[in-house]
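In the form predicted on its own, a lone chain appears below as structure tokens.
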């Protein structure tokens, strides 16, 4: 392969149902869909930490980026983060420890689902020790703190000076960071145009002069745009027939990422019918995810019985005693309940639609009536917050289950996206996040997966692996190499993306 070269531009497509939607802008403190917009955030802000991996996706790890190093002290109750010297925002002002402290405090008060759940101490929780060192103090150990950075808004540091001068309304449209690119124009949920940041701290990077993100209405439209030369890359293709076409097309490169986040059928145990364990068991017995994976997706996506997939940390493929497909048991339970009629919601994309349609067919055979409700990301968030939903097909995890839309996001009492209130789950999640002992973390997550299964809280399903599709001549970490997805899409390292012509 050629060596990386500087210059040129690319246009990247993002599905309007997920990452291609940023209706509230790209300020980490006010962007309510920030976890979906990691691609744009990383291009503008860079990030204190990044997930890197070997080219085949192995050896995934979180590495300091704008941070130079970190220390976990007091058994995980204190974290010292040292910032690299000499980093400047694209407006020329310094990214130092004081700027980081300002951002941490501001982002922790945000509405975004992407803010972290740090157990901060009451006294002096965030302080600046030296011009380049920020100190976090927790009320209890939080060993997962560094792994949680790349999917949370505290990773993206804005220029306090630019924010003050522009005001929040203007800033959310044309934000200023210290990442590889700076904003030229931003049409919300439509088009984001970026150009090289002349103050970028990595000498010789970014390779590209210009990077444009465009929202597009799904895989088919994106595939057509790539072939017609209207764009150069698409993140997250998962329509199997199109992936097969793309793989066979010598003008395109397809990189399937390691799956980390299996689907889960979230059941709202706070309302009928799923406040009754029998109803939840009926869903388990009526669901045949393996048949969906084999029949609809040709075995391309593996099925998991717990909350991480094969590319994620602490993955367990099976759980002892897990309730697998048994139509007769499902029918019997539905009869005992006097019938079941439910609404099943999901986000509107190809794989999710295929899965919920198949589930509707399977569940109907067991006597369960199902109404499917499709949502765009913004309306889905609002629906969760009503707490009146019954069942939701969602992605269940993250590379590290303690971060992003991981197990705490989907199952703890304090999350507005949970539907479950169980003190034992809360305690297991807390302990698994707290310890810095990786073997102990694995033991606790195994126990948690078993507990969720024993209580029939939520069946897990197939883990689709997002496919990144680029035209020939475009290269970059996460685009044409493998990095386990942070949540749904991979964290592409944009400063190292380049094109050969």
Partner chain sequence: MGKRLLMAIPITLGVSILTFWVLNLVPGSAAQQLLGVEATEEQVRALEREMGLDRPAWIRYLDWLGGAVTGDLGKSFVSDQQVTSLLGERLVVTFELVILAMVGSLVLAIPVALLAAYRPNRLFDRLSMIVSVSGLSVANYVLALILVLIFAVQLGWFPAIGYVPFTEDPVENLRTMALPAAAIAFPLFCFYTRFLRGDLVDQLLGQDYIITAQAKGVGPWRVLIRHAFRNSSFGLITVVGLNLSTLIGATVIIEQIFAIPGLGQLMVQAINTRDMMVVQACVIVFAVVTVVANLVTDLLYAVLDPRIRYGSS
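Here, rigid core means the biggest group of C-alpha atoms that superpose within 1.5 Å across both forms. Because the structure is predicted, anything quoted here is derived from the model rather than measured. Positions refer to the first chain, counted from 1.
Heads up, the form predicted in complex with its partner chain isn't pictured, but that's what we're talking about next.
J.: Answer yes if any heavy atom of residue 189 is within 4.5 Å of a heavy atom of its partner chain in the predicted complex; otherwise answer no.
T.: Yes - in the predicted complex, heavy atoms of residue 189 and its partner chain come within 4.5 Å of each other.
J.: Residue 217 near its partner chain in the predicted complex, any heavy atom under 4.5 Å?
T.: Because a heavy atom of residue 217 falls inside 4.5 Å of its partner chain in the predicted complex, the answer is yes.
J.: Hey, in the predicted complex, is residue 16 touching its partner chain, heavy atoms inside 4.5 Å?
T.: So residue 16 counts as contacting its partner chain.
J.: Could you confirm whether residue 113 comes within 4.5 Å of its partner chain in the predicted complex, counting heavy atoms only?
T.: Residue 113: contacts its partner chain in the predicted complex.
J.: Please tell me which of 280, 172, 196, 315 lies within 4.5 Å of its partner chain in the predicted complex, judged by heavy atoms.
T.: Of the listed residues, the single hit is 172.
J.: Considering non-hydrogen atoms and a 4.5 Å limit, which listed residue (126, 337, 271, 227) is close to its partner chain in the predicted complex?
T.: Selected residue: 227.
J.: Thinking of its partner chain in the predicted complex, which stretch from 98-106, 322-330, 219-227, 236-244 has heavy atoms inside 4.5 Å of it?
T.: Careful reading of the contacts points to 219-227.
J.: Could you list which residues of 414-431 come within 4.5 Å of its partner chain in the predicted complex, counting heavy atoms only?
T.: Residue within 4.5 Å: 417, and no other.
J.: Taking the rigid core as the frame, does residue 384 move its C-alpha by 2 Å or more between this form and the one not shown?
T.: After core superposition, the displacement of the residue 384 C-alpha between this form and the one not shown reaches the 2 Å mark, so yes.
J.: Once the core is aligned, please say if the CA of residue 90 is shifted by at least 2 angstroms between this form and the one not shown.
T.: It does not reach a 2 Å shift.
J.: Taking the rigid core as the reference frame, tell me whether residue 348 has a CA displacement of 2 angstroms or more between this form and the one not shown.
T.: It does, since the residue 348 C-alpha is displaced 2 Å or more between this form and the one not shown after the core fit.
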